[in-house]
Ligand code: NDP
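Only one chain is shown below, in structure tokens, and it's the form predicted on its own.
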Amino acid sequence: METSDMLIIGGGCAGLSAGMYAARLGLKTVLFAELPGGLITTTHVVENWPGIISTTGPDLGMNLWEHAKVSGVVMKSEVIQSVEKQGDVFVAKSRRNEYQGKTIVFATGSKHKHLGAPGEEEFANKGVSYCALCDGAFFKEKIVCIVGGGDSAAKEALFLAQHATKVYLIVRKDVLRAEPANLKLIEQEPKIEILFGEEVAEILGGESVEKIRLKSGKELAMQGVFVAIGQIPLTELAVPLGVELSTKGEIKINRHSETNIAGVYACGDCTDTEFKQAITGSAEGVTAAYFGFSYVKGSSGF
């Protein structure tokens, strides 16, 4: 079995940036991606990527994918099920194959948190969604809500307002923690109504969502419930290696994107960095590639 210089698990902004840079540094690099382009492909508009005033999430994700591929990264659509250390190499196993690498980068990202409210699982894909870009068009001329108090929820609400007749933005606290530019856009959008200090107690309906009940007791008729309350880091693969996690289950890294295990790096939404954006994940990926290169070459750099 041929040993690669670097194995990268994850095909989002962080993983693809790591792959592109690693390949440019001359490392034999294999990248595994369940979702080509990563979670950014479910974002409608991206307006905070330096040098590009405005683009779409799918376009950005696929441009990064093509850049990594053209750079020489070997792309695999296989799902890695386990990772272990065997001597001086790391072994990543899918259902059918095994891959060896001198270094490994976890760019495994995160998954959407669920509300845990009655009716949420029952009406999944029947009015309950975790991706406005994916499902927003199905709610044209309908009433919907977006649950969340951060910038992601704000952007989802703005996108849904392009399709729905009414968008309730349900915020648990008394403030919407969104970028000033998005706050301004929300204030200017008459279709959006913010409900502060509210939480969803139950999602109700027949064959699909018909209304929600808030913890205050108020009921709102609607056909769609979009959830944007944060992410859960996907770090299970790193645990058997002894990689140290934060109390939130995130992989701890330093400014070199290094973990506590030599040869193991991490970047993007699966890490314990406080500020998570596509651009910061990409920067961490590039950093992981550079210090992975240094590790493979047994030096501190070029």
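We number the residues from 1 along the sequence you see. This is a predicted model, so every value here is computed, not measured.
Although not depicted, the form predicted together with the ligand is the subject of the following passage.
**Student:** Tell me the stretch among 203-211, 149-157, 71-79, 126-134 that has any heavy atom within 4.5 angstroms of the ligand in the predicted complex.
**Tutor:** Single hit among the candidates: 149-157.
**Student:** If you check in the predicted complex, do T3, V91 and V243 all have a non-hydrogen atom within 4.5 Å of the ligand?
**Tutor:** Per the other structure, none of T3, V91 and V243 touch the ligand.
**Student:** Looking in the predicted complex, any heavy atom of G230 within 4.5 Å of the ligand?
**Tutor:** Result yes; G230 sits at the interface with the ligand in the predicted complex.
**Student:** Although the ligand is absent from this view, report whether Q277 comes within 4.5 Å of it in the predicted complex, heavy atoms only.
**Tutor:** Judged by the heavy-atom cut-off of 4.5 Å, Q277 is in contact with the ligand in the predicted complex.
**Student:** If you check in the predicted complex, is L115 within 4.5 Å of the ligand, heavy atoms only?
**Tutor:** Judged by the heavy-atom cut-off of 4.5 Å, L115 is in contact with the ligand in the predicted complex.
**Student:** Examine E199 and determine whether its closest non-hydrogen atom to the ligand in the predicted complex is within 4.5 angstroms.
**Tutor:** E199 belongs to the contact set for the ligand.
**Student:** Pick from K218, K142, K184, R177: which residue has any heavy atom within 4.5 angstroms of the ligand in the predicted complex?
**Tutor:** Result of the distance check: R177.
**Student:** So which of N260, N48, N63, T55 gets a non-hydrogen atom within 4.5 Å of the ligand in the predicted complex?
**Tutor:** Comparing distances to the ligand in the predicted complex, the residue within 4.5 Å is N48.
**Student:** Though the partner is not shown here, which residues of 157-172 have a heavy atom within 4.5 Å of the ligand in the predicted complex?
**Tutor:** The stretch 157-172, when checked against the ligand in the predicted complex, contributes only R172 at the 4.5 Å heavy-atom cut-off.
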